[in-house]
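In the block that follows, a single chain appears as structure tokens, in the form predicted alone.
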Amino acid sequence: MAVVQKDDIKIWQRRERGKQFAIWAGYLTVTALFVYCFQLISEKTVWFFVLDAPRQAMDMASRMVPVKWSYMDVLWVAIWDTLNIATLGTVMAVILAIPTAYCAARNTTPSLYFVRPVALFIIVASRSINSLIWALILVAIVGPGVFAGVIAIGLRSIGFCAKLLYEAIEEIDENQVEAVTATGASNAQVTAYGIVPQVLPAFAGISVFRWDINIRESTVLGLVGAGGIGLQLNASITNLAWTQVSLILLVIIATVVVSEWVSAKIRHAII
């Protein structure tokens, strides 16, 4: 609040004049930036196609009906590959995330000035690169197939699991750790009896939650040749087999819904 004196009458204002001008200048700057960005986007946008998009979408939707249910015989293997990519990739990520998180946590890292920065760099690098990019690189290295998809999901998931796990480690009750240490326990015993019991529920929840996310991510890895149901989706779109595409989309939605239900049940049982 600011008080302005005028003819011996106090006039109350919400803000001082300088602060109000600064706010108006901020609004003006944001508006000008928005207009400038919109102009850049407009210059590179073919508005004829944008305006024609509803008609094209309706035409494509009509081509997807009726659903080709007989194509389901081909999709069972693709669904199994997708589940394997998500599950094995999550297992790989969890195994590698445990030592990474242990080294990243301030209260457990062997070195705050060397080991911890390296562990944090691994976490940031893993989380910065999308699973599709990992898959694209790995397909070029190890070839197309499920193996590339598993590694891509694993590399993408390490950072997610390690970040949440090291934060859980930093939030443990140090009194329990001190009590175990006071008994003369070794570092391994302190970890096993003072740290692990406190972070185990969080670790289980993180693992299940990441598996649920990986189910969704693994459905699209086939678009770059990393196996799974996305491979069938890419082939169907390329061949303009829209009735097959509609079935694949329904299967993906059903798979994600089931994985959501399973992960919710498991997390509820654990937590």
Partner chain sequence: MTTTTLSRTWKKPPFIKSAFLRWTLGLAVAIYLALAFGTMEVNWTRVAEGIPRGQRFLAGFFPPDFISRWPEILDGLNESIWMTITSTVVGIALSIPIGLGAAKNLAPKPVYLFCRGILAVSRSFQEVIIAIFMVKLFGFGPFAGFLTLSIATIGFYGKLLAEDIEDIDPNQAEAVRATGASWFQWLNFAIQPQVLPRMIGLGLYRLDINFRESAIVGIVGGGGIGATLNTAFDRYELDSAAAILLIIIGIVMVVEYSSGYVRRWMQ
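Positions refer to the first chain, counted from 1. Since the structure is predicted, the reported quantities are computational estimates derived from the model, not experimental observations. Only the largest set of C-alpha atoms that superpose within 1.5 Å between the two forms is called the rigid core.
Missing here is the form predicted together with its partner chain; even so, the following discussion is about that form.
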> If you check in the model of the complex, is Val30 within 4.5 Å of its partner chain, heavy atoms only?
Replying inline: yes
>> in the model of the complex, does Ser128 come within 4.5 Å of its partner chain, counting heavy atoms only?
In response: yes
>> I'd like to check something about Thr87: if you look in the model of the complex, is any of its heavy atoms closer than or equal to 4.5 Å to a heavy atom of its partner chain?
In response: yes
> Should Thr219 be counted as a contact of its partner chain in the model of the complex, where contact means heavy atoms within 4.5 Å?
Replying inline: yes
> What residues, if any, in 124-148 have a non-hydrogen atom within 4.5 angstroms of its partner chain in the model of the complex?
Replying inline: Val124, Ala125, Arg127, Ser128, Ile129, Asn130, Leu132, Ile133, Leu136, Ile137, Val139, Ala140, Ile141, Val142, Gly143, Pro144, Val146, Phe147
>> After superposing the rigid core, is the C-alpha displacement of Ala25 2 Å or more between the shown form and the other one?
In response: yes
